[in-house]
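One chain follows as structure tokens, the form predicted on its own.
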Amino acid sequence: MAIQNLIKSVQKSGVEIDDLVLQPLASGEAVLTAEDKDRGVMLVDIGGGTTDVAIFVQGGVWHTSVIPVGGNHFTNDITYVLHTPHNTAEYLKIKYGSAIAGEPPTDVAGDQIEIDTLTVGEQQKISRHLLNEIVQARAEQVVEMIYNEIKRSGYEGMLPAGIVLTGGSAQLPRFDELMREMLGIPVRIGVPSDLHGLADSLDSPSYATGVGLLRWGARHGLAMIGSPHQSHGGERNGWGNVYERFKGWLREFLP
């Protein structure tokens, strides 16, 4: 029902939908190799509000899930604990954040960062180490939730290709290192590969889904492209056709 409502809402805005693709499948097109999918790999796409996971085995998808935690939760934690505006918290996460806080610094003065407070015009000094303790606590929770998904899927110990991290929040420094330490399996950052032209601009985990959607269309073909949309069939036929195609490829890729 949620997908049907989404299709109808988009079409009511005057935009025609050519096809629907599950996000982890799109990201997988950009950052996973055929060997990864055959051997057994878990794709973890960490977005702003959620973390999408998919387990590929023998070339196909065997388990998918959405974890309700993403990069925005890191920012909210910083805002709440350090009493700083949301945009300042986001800046701190990107500029100074690390998923592993490390040992407390010996140079306390050099560890200080001056930031805005929730009171306009006022500033405060906070410890960079404290900032990263906040970040690490949330990162550890995300890793634990990912591990619970692996156990729930029944593929624990059966992912020789390990985990491929992608999405904007996968760029958090040392996140992959923390995950390797906690889970004891290979973890790497996945970026779009085999790109030409603007490769330098798209060489980031943030663009995995966008690049993957283009490759999905090129590889699987979009039946609606190049064909006139049948508006005379009524609204029901419009979203109904898209939804039926979506169910069709879902049956093809999921066991």
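Residue numbers here begin at 1 and follow the sequence given. All of these numbers come straight from a predicted model, not from anything done at the bench.
The protein also exists as the form predicted in complex with a small molecule; that form is not presented, and the subsequent description refers to it.
Engineer: Any idea which of 144-152, 180-188, 166-174, 126-134 reaches within 4.5 Å of the small molecule in the predicted complex, heavy atoms considered?
Structural biologist: Only one stretch qualifies here: 166-174.
Engineer: Is I55 near the small molecule? Define near as a heavy atom within 4.5 Å, in the predicted complex.
Structural biologist: Contact check for I55: no, nothing within 4.5 Å of the small molecule in the predicted complex.
Engineer: Decide whether G49 counts as a contact residue for the small molecule in the predicted complex under a heavy atom distance cut-off of 4.5 Å.
Structural biologist: Because a heavy atom of G49 falls inside 4.5 Å of the small molecule in the predicted complex, the answer is yes.
Engineer: I94 versus the small molecule, in the predicted complex: is there a non-hydrogen atom within 4.5 Å?
Structural biologist: I94 belongs to the contact set for the small molecule.
Engineer: Might T117 be said to contact the small molecule in the predicted complex, defining contact as any heavy atom within 4.5 Å?
Structural biologist: So T117 does not count as contacting the small molecule.
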